[in-house]
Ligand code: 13P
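Only one chain comes next, encoded as structure tokens, the form predicted alone.
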């Protein structure tokens, strides 16, 4: 693995300061290369809870991910290398809205996607990720008395779960979506497939139904990665329907395959706010509270319950 000067500095600094870097697959590839742990939301949630021995965690991802790490590690210091790296999907749902939905649907279960704020998680019964949403909804429906399930904030993921489970979900709100995945169209996929007819199509469940129905595999970033990694040698080409960072990771780790992005819209500019230079800056300024993400104890105490239930059910 070839590293530039800044990457080498980061490797030295994190060892000196005993800090761990957690990075999502959607991060720029130069950041992925210096991370201690890589993964999707579910993997990083587990890692933050179970595997990180360090007292300092630096998160290269959007803010809700750093909040999750803080909720699960109240005794540790969690920092984010770009404080304004936010998730537009999370903004579709706030704690007040969840309370209003509960009032409208008494005795219901609230399952929220981890792509949500700490305050929303604190109002939830269970959390889920794109990796485990189907399993979580199934188990909640089977194990709990209430069969009324409120699900948010991503309506496309809810639609996918409904297709897979045949369980009706009440969406909080009806139009919540990922600004990146929801822009991919059926026409985008058909065009790329026409150019590469032998390629398998892999898309994220946050895509709209018309796109998902054209795919060979619908899965989270980790599930897509695993599928490609374990694919037989005869399967050589893939159309990737998620953020470009995963494609770059696959090119790095599995170079014998060929990859094509499903759409040029598959770039998360909030994820890409992080840069290798900013990561170095944070490591040099660990005492700067502007980079710290600390979920208040009263919120964390309530938010940890649905997260731990998610990890238990997964």
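This one's a predicted model, so the numbers in the text were calculated from it and none came from an experiment. Positions refer to the first chain, counted from 1.
Quick note: we don't show the form predicted in complex with the named molecule, though the next part is all about it.
- Heavy atoms of no residue among 32, 81 and 274 are located within 4.5 Å of the named molecule in the predicted complex.
- Of the candidate stretches 118 to 126, 230 to 238, 67 to 75, 204 to 212, only 204 to 212 contains residues with a heavy atom within 4.5 Å of the named molecule in the predicted complex.
- Using a 4.5 Å cutoff between non-hydrogen atoms, residue 45 does not count as a contact of the named molecule in the predicted complex.
- In the predicted complex, at least one heavy atom of residue 221 sits within 4.5 Å of a heavy atom of the named molecule.
- Although the partner is absent here, residue 130 sits close enough that one of its heavy atoms falls within 4.5 Å of the named molecule in the predicted complex.
- Heavy atoms closer than or equal to 4.5 Å to the named molecule in the predicted complex belong, across 169 to 187, to one residue only: 181.
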